[in-house]
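To begin, one chain is listed below as structure tokens, in the form predicted alone.
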């Protein structure tokens, strides 16, 4: 069964911590051992796992991607969001997290982020939780 997280971004580029929401879906599923697949349903929004303890890390990632792929780069896509498409391709639309003991298995400092590259918008992330057989 697929469930959906709805995420409201407030800026053009923003890394939004969705760890608690994903953890709650896993808890409610009752699955004690398995995997949780996360997939962004947008071509200008990605999913990543990185450090969540220091908010500066989000800013570092965002600034680096913006310097690597500037908004005013030499793009031919007419909507003005070509940089967002490229950033999404670089980061990727999905992540898979192990479930163990009824909880998502992340490292001490890790968190799950929705990466907004063309906001502000309302976004959807598909979540599929699968139990081990």
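Predicted, not measured: the structure shown is a model, and the values here were computed from it. Positions refer to the first chain, counted from 1.
Absent from the display: the form predicted together with another copy of the chain. The rest refers to it.
In the predicted bound form, residue 94 approaches another copy of the chain with a heavy atom inside 4.5 Å. Another copy of the chain in the predicted bound form comes within 4.5 Å of no heavy atom belonging to residue 26. In the predicted bound form, none of the heavy atoms of residue 19 sits within 4.5 Å of a heavy atom of another copy of the chain. Not displayed here, another copy of the chain is approached by residue 34 to within 4.5 Å at the level of heavy atoms in the predicted bound form.
Residues from 35-49 that approach another copy of the chain in the predicted bound form with a non-hydrogen atom closer than or equal to 4.5 Å are 35, 37, 39, 40, 41, 42, 43, 48, 49, in the order they occur in the chain.
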